[in-house]
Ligand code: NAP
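Given next, in structure tokens, is a single chain: the form predicted on its own.
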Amino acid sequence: MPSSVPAYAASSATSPLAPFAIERRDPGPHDLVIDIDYCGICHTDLHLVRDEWSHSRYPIVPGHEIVGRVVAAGSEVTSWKVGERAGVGCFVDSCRRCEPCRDGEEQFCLEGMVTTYNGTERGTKKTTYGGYSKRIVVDEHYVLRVPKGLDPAAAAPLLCAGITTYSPLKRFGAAPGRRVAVLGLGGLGHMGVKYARALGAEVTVLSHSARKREDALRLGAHEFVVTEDPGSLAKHAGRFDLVLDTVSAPHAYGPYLDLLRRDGTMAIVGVPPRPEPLAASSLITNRRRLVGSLIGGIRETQEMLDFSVRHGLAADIERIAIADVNAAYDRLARGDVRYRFVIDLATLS
């Protein structure tokens, strides 16, 4: 029979997160049962809890930056042992048959990936519940190995913020001899700086906030540009090979496309609340490209975790008790976090 698990859930778009009990399925032959130690708070959690994207399903248990330990395994699991450190990211299933799935790009599954929460389980049609809970049951194919040497709390945000920035930086050429600009220094941007520097690029942070200069340099940036200073962007026109846009607030793309060299790329990973107009000339000039990127598949996410431990990289976090989650949401909405909240699930009884 399914087991009852303590969790925190929102019952509506205007309700605070509060104690709630959910049911987790019994493990199937290929499932792992994971006791959750830490779960990061992603800005997506805030959007979905408050139904800002108009597709939230209540009650909703957020959380897709999960690190814990395996406590049980299905009868056909051979590659995992009880006690091993495990991670669960943004999705927990996909069709496994389509071209993207076969290519290890499950996030682009043609039938739709099953998101870790606010999704629909394949077969049962039940709503998925996330990591603001004590336990989760996931097919072994969608579970990541968290390497020894990574602080498990600081590793949790890598399952979303880490792969969201690592993937486009690798794909679009952050490397020695290349100039990368990271637009925005928040939960995503701070990881973008770390990965771009570790990949060998020359890194510049673009931020509207002058107070983040010291942090940007500490995180590995070579240069810091205050975007609101008059003429600051014009000074860097045509300079960069890659601009990583992590900003989710409304902003025009054109001024940042103008920073690109010939054949440069601007990769969008932030999700502003409304469409932004774009002049064709911003792309035609110097044959620039504007692309988007969505997390990464299981294979690439594991690559990112292994890269992180080799280079000593993890998120800058503020660890909180589950009882403080609503205050953390309010602070997140104000941008008052440097740079990721992580819930200690030992505080959930």
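Only a predicted model underlies this, so the values are computations on that prediction, with no experimental measurement involved. Position 1 is the first residue in the sequence shown; the rest follow in order.
Keep in mind that the form predicted in complex with this ligand is not shown, yet the notes after this line are about it.
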| field | Heavy atom distance at most 4.5 Å to this ligand in the predicted complex, all of 87, 167 and 299 | value | no
| task | Please name which of the stretches 66-74, 286-294, 313-321, 26-34 has residues with heavy atoms lying within 4.5 Å of this ligand in the predicted complex. | result | 286-294
| request: Determine whether any heavy atom of residue 119 comes within 4.5 Å of a heavy atom of this ligand in the predicted complex, and answer yes or no. | output: no
| request: Would you please decide whether residue 187 lies within 4.5 angstroms of this ligand in the predicted complex, comparing each non-hydrogen atom pair? | output: yes
| said: Under a 4.5 Å heavy atom criterion, is residue 270 part of the interface with this ligand in the predicted complex? | reply: yes
| Interface membership of residue 44, this ligand in the predicted complex, 4.5 Å heavy atom rule | yes
| Exactly one of 246, 133, 94, 204 has a non-hydrogen atom within 4.5 Å of this ligand in the predicted complex; which residue is it? | 246
| task | Check each of 171, 261, 178, 208 and return the one that places a heavy atom within 4.5 angstroms of this ligand in the predicted complex. | result | 208
| field | Any residue of 13-40 that, in the predicted complex, places a heavy atom within 4.5 Å of this ligand | value | none
